[in-house]
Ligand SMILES: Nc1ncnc2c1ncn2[C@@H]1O[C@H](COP(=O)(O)OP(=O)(O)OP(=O)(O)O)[C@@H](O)[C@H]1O
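Just one chain is shown here, as structure tokens, and it is the form predicted on its own.
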């Protein structure tokens, strides 16, 4: 099986050498657990170390902020952007429309993208407008004219249909994708939408617990289809060069 290496020190051995090519990975956790940092490092390493075109879509940060934050770890995103190896897109919530995801998929096809990050799935799905006429392209792909539903069709139902549609489309695209999802401290689910954890091929859960020790953050591979994954919780260090995943010993 071909693998997509993250290049994050200490991580790839936890998933038998890397993510299976074309898989959809959910990276979830409470705020401050370094989900975005993990995902940006995955994108940066893909472009810099493995010569794969990567696309990072953020609905929460400006392009300038992402570039400046990356410099803290010695990652010069501008060089990769100029070479066309890294596509960095910042889409404000107010600019999200029913064609946003189709445009992302189309650009990924045209530029032969191998890695995609959506930061975050929570923000995107909540703000994605799905209340359009049945003849509209986006809703038609989710609900056909022949579909029969028990009334009422609720907002929660449409949200879940959107998640199924999005993940299914990414799998057909054949790129290795990371979807970032926020979860609450007391949530019994691994995503805000409550369905993406079942649709995704892999789940990486990240934790933050200030205990006064050397490491406040940790990581657990909850599942990884098609490979044997490590099942222990591992300490996570934010170093000067990015994340480092340590053994529990």
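Residue numbers count along the first chain shown, from 1. Treat the numbers as computed from the prediction; the structure is a model and nothing was measured.
Although not depicted, the form predicted in complex with this ligand is the subject of the following passage.
Within 4.5 Å of this ligand in the predicted bound form, counting heavy atoms only, one of 218 to 226, 197 to 205, 26 to 34, 47 to 55 shows up; tell me which. Careful reading of the contacts points to 26 to 34.
In the predicted bound form, residue 238 touching this ligand (heavy atom, 4.5 Å): Close contact exists here: in the predicted bound form, residue 238 approaches this ligand to within 4.5 Å, heavy atoms only.
Could you confirm whether residue 157 comes within 4.5 Å of this ligand in the predicted bound form, counting heavy atoms only? Residue 157: no contact with this ligand in the predicted bound form.
Contact label in the predicted bound form: residue 103 to this ligand, heavy atom within 4.5 Å: No - in the predicted bound form, heavy atoms of residue 103 and this ligand never come within 4.5 Å of each other.
This ligand contact at residue 73 in the predicted bound form, heavy atom, 4.5 Å: Close contact exists here: in the predicted bound form, residue 73 approaches this ligand to within 4.5 Å, heavy atoms only.
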